[in-house]
Each structure stands twice: as structure tokens, then as C-alpha cells.
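Presented as C-alpha cells, the chain that follows is alone, the form predicted on its own.
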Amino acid sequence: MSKIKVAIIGCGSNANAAHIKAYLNNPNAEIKYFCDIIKEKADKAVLDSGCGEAIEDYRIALNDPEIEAVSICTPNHVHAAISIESLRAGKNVLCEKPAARTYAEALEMQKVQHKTGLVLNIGVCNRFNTGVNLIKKMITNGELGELYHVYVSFRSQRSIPGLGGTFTTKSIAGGGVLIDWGVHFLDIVMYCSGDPLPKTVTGQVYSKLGLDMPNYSYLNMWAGPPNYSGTYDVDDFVTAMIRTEGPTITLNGAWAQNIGVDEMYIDFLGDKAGIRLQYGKDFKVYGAKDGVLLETTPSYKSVDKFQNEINGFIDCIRTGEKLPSHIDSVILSSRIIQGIYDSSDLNKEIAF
């Protein structure tokens, strides 16, 4: 069977950190194009990878009948447009998270996927994480009993990325810490809980610490350096409560806060046991038996989540398998995020 020829659209940090390496390690995939509007980035990707052709216009790849799949690693504001155009051109799509800036854009992506029948997966890489899948299995098997509540914390002291750049410009990113970090945490919760339908959302977002950009103090800045003539109109703190057909969910998230402790974890609370997952790390299980309180740290061998994600994408193009990262599942997180932003704007609870 011939290799699936792939185009990488967007050759920034996500592509270089995850997608490109994973495709190169997959024996059934071949990268034919590296595309970026900054040609130097595409040229470097070709040089570093030892394969492919550098292009500036992604439509060259979409018009190539050899291309079966594209990875979209662009800024958020063109996720929907390029995904939709790619699907209509007959290409299978892996689009980085978030699916889109808004729920309405994500719905349009889903509509076109349903019409074309091609693959549209979203880059929610944690659904391919070994520890996350162990937690999901424990919840499904009833080891926690009734999962009645999940608490989420994604808080850092001073971590606004690229102040004044694409991450802090709402028209490009769609939002701040909620859509950037929160999408990962919410997606883990939804996945492990069985993707329950949301019923109501109430939330509040704040844009506080980054507003006075020249006087914003920080130790380091990823996606930087600061552009003080740029834009800062996104949220740097969020709090919310979500009711679903499964557990309730509460969260607090901060790119920037005046508390010098990073707290990146998810608490799954069941009536038989509970789990605390440290984001990107291991998890602990808490319970009781025969009057004794128990605490366990499972030990397991992890497999690279990005490689799992890419391998699954390539395989499902041939098999037709619907992966956990399919737009039909992931769109629930887009709906919740939109609900939180709407609740904050309207100062009321949103019912779905």
C-alpha cells in the first residue's frame, strides 16, 4: 500500500514540536509540502526534515491530487476557513486546537465534514495520552463510583504569551487563557467523562494584568517578545461552572495572576474514589477500604501522545475509524467555551 502524502500548513511551533516529527516517524506517511506565508519557515522545515517542497500558498497542496491529508498548524483565525476549503478539495484534515475561534465557526466545519464524509480531527492531543486514557478506563469501569464533580485549575503567575501578538489579539486567537489553555483541560474532562452533553454554563472572564502592557512584569515570555504597539484584548483569568448530563465542572484559569504558585491539575471526584491528574504528568488515586484511607500513584509506561495522534489520523484515513478527536466529539468543548464567553458578556447563565 502506498504512503499517504501529507501537506503541513503552517510551520510554526506546533508543527515543529509535534506534527512534523510524528509524520516522519510514521512509515505510512510522506510529507510532500511544507507551507507557510513566511517562506523562510517552510524552507527551514524542508531543510530540517530532508524531504518535501516549501510553498507559500496552501492552495498548491489542495490542488495536488496526490495529497490525501493536511495538518493545519496555523493561528486560530484561519482554522475554520482552511479546514473547510481542504475538505471541499477532497483532503482529510487534522486541525490544531482549538477547532475554531467560535462555536459558530466550529459548527460550519462540522457541517462540511458531514457533507464530505472525509476525516476532520482536532488536535486535542491529550485524548492520546497514556495516563489520560487510564483515567478514562477507571471512570468507565466504575472504579471511582459515581463521578459527580470535576474541578479544574490551570493557573500561572505571569505567563501571558507573546504580549501584543497573535495570542493576545481576539480577532486572531478568539480569546485568551480560556481558549488557549482551557481547551486542553476541558477536553480532558469531557473525554474522561464520556463527552456528556452540557446543559448550562455560567462564567466570568477578566482582562486585567496585561492591559497596561509596558508595565506588565514577568520573568519570561513564550511566543514573545512583547510588541507594545500591538493588541491586548483577551482574557487572562476565567472562572466558570458547567452543568452537564454527567458531572458538574468548575474551573479557575489564569495566564496571569498575583499568586506565585502554578496550579495545573484536574480533580475527578467520585463517591468511591478520586483522582488528581497533574497536567502533563502522573496522577494519584485516593480512596478508602476497611476504615483505612488509601493513596496510590500508578506506575505505567507512557507512549508519545503526538505520535499516537498522528498515527491514529493516518490509520483512520484508510480504515474509516472515528477517533476520539473527531469534530463530533470535540465540538462540545467549543460549545462550552463559547457559553462561558457569552455568559461573561451577558452577565447571566447560558442554557443549551
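Residue positions are given as counts along the sequence shown, with the first one as 1. Note that this is a predicted model, so its numbers are computed, not measured.
Omitted from view is the form predicted in complex with another copy of the chain, to which the following refers.
Residues placing heavy atoms within 4.5 Å of another copy of the chain in the model of the complex fall in a single listed stretch, namely 268-276, out of 98-106, 268-276, 119-127, 164-172. The candidate spot formed by Q257, G260 and K289 is fully in contact with another copy of the chain in the model of the complex: every one of the three has a heavy atom within 4.5 Å. Contact annotation: S229 falls outside 4.5 Å of another copy of the chain in the model of the complex, judged by heavy atom distances. Under a 4.5 angstroms non-hydrogen atom cutoff, another copy of the chain in the model of the complex lacks V78 among its neighbouring residues. Although the partner is absent here, K208 sits close enough that one of its heavy atoms falls within 4.5 Å of another copy of the chain in the model of the complex. None of the heavy atoms of S329 is located within 4.5 Å of another copy of the chain in the model of the complex. Using a 4.5 Å cut-off on any heavy atom, the residues of 136-165 that reach another copy of the chain in the model of the complex are, in sequence order, E146, Y148, H149, Y151, R155, Q157, R158.
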